[in-house]
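Encoded as structure tokens, the following chain is the form predicted on its own, with no partner shown.
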């Protein structure tokens, strides 16, 4: 898995497939690009698939600086420039959805299509932002096991599969407390993307797990209503990490959408 010093950090990413069309996969908090392994396998036969790690999560270097969506979008743009990829479909789940919307604001010409999964457009409330700061401080003092204990039940359906629980805890454990804290602080200050929805002109699909308790189907429906021509895919039997809990249904919706995009 390659690394390069880009935008002031040692960036790690996954790079698979050699198709003429590119897809960028943006992961959820507090995981890393490894959460996309099944989607990479499904897409690599027809697309070049790029999946970066955010700062301090997975293999990318971290720092105490908040991982704002603007900063991370700069990382993604630097990576795509390094790889000489000018256009791509962008898929973001949870925090990755926040990042996809920021990337649209910065570089709408990049997008051949957009998939927003288990995410929302709105900013944090003051209470929500304060909760993120409390979480960030606890992550730094109590470590990744504590982070996994706190986050895993929130990320999965109420009665999760044991194998998925193990996988999610492992993915969280490959980050760093500094990266977790930086991501929480970056998400806390993200802008309200609700006005951005009306500006989206590329083909767009919104995906949501029907048992997602963090960003429930009502949030997905709001985004679909705000994006002209957007479609909605519901994933039965899945919580917030719909791509991990129901990869078959998720991949079917994703590959169908990608097949319909112009080259």
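Keep in mind the model is a prediction, meaning the values are calculated, not measured. Residue numbers count along the first chain shown, from 1.
The form predicted together with a small molecule is left out here; the points below concern that form.
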**4.5 Å heavy atom contact, residue 104 to the small molecule in the predicted bound form** = no
query = Does the 4.5 Å heavy atom contact test between residue 36 and the small molecule in the predicted bound form come out positive?
reply = no
Contact of residue 214 with the small molecule in the predicted bound form (heavy atom, 4.5 Å) = yes
Query raised in the report: Quick one: is residue 90 in contact with the small molecule in the predicted bound form, heavy atoms, 4.5 Å cut-off?
Result: no
Per contact check vs the small molecule in the predicted bound form (non-hydrogen atom within 4.5 angstroms), the hit among 168 to 176, 135 to 143, 94 to 102, 74 to 82 is 94 to 102
Among 223, 50, 28, 208, just one has a heavy atom within 4.5 Å of the small molecule in the predicted bound form, namely 28
Checking 164, 147, 187, 121 against the small molecule in the predicted bound form, the residue with a non-hydrogen atom inside 4.5 angstroms turns out to be 187
Query raised in the report: Would 151, 155 and 240 all count as contacting the small molecule in the predicted bound form, using a 4.5 Å heavy atom cut-off?
Result: yes
